[in-house]
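Given as structure tokens, the chain that follows is alone and in the form predicted on its own.
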Amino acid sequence: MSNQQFEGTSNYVATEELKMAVNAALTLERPLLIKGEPGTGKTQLALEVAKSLDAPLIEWHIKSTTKAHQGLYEYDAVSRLRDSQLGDERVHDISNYIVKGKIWEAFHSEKRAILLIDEIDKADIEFPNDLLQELDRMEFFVYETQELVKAKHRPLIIITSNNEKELPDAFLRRCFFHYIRFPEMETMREIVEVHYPDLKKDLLAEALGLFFQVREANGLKKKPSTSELLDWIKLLLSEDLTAEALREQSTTNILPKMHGALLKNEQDVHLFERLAFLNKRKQNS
């Protein structure tokens, strides 16, 4: 294992705590388990770590139907049967029907890879436990070919979770854990400036004020995320909106302009419409 350290990148604002977590996982040679609200940059972290360390990135995006063995390999028996019926010579070598999974790719990478296991909590509850031995030993056995696959270089494994399911204790013990807290105002300012370096300071201040005002509204079903803020600012810029216009609009209508980028369900839109109604009644009384 090299002594490379993650220091963040020009495109990704990483807190000192997050950089420490990545480097701790590198030192301990353990998977890094990242949790946090959707849209806080968990998946993007793996891409930026790969860039920073000049390492190949191998992405395994988990779905509700994903099984652990698919990360190792799959045996394509259907194709072999079809080729057998067609008299194809390939059927005599079973290795022609072994489909390598993302973990196999990471194990056989010529350089130490970054393996992203994205949204692990979408899978069945047994999914993490089914990978314990392979991720511990950095090897697995292919029964069809009687082959032992060993990691050429131990990959840095970054696992993300949106906390939809509790992960097993045995799995958690093997990970270094970090929770990405939602950015505070100053950190969020830095994040926006990375993506929109020419954004005028007064418009940024007004937009951030409105954004955090929306997030802090009582009763909100889904709070807007960092990625949604960036989308919203992109729309404000496309409309060539000034800070004054945004401020004036927000005083006459509690729903922010282009609010569809921030509010993603009808309950939250109705909540702000009720707040606007109550606000007008208060002003008129």
Partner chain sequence: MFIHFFFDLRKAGIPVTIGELLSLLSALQVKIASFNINQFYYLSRTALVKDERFYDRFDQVFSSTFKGLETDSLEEVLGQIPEEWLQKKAEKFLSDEEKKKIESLGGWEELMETLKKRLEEQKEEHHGGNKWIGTGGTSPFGAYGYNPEGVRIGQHESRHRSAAKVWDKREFRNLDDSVELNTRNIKVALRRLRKFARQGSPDVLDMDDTIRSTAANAGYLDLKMVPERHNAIKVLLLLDVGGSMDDHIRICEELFSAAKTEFKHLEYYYFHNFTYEHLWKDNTRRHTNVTTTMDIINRYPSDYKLIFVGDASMSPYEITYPGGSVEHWNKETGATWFQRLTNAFPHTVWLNPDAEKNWDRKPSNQITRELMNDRMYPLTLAGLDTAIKTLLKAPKPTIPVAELDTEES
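Numbering follows the first chain given and starts at 1. Computed from a prediction, not measured in an experiment: that's the story for all the values here.
FYI, the form predicted in complex with the partner chain isn't displayed, but the following is about it.
With a 4.5 Å cutoff on heavy atoms, Met20 counts as touching the partner chain in the model of the complex. Heavy atoms of Met185 never reach within 4.5 Å of the partner chain in the model of the complex, leaving it off the interface. Although the partner is absent here, Leu237 is not a contact residue: none of its heavy atoms lies within 4.5 angstroms of the partner chain in the model of the complex. Using a 4.5 Å cutoff between non-hydrogen atoms, Leu275 does not count as a contact of the partner chain in the model of the complex.
Screening 109 to 117, 203 to 211, 94 to 102, 171 to 179 for residues having heavy atoms within 4.5 Å of the partner chain in the model of the complex returns a single hit, 171 to 179. The candidate site formed by Arg80, Asp130 and Glu147 is entirely out of contact with the partner chain in the model of the complex, as no residue has a non-hydrogen atom within 4.5 angstroms of it.
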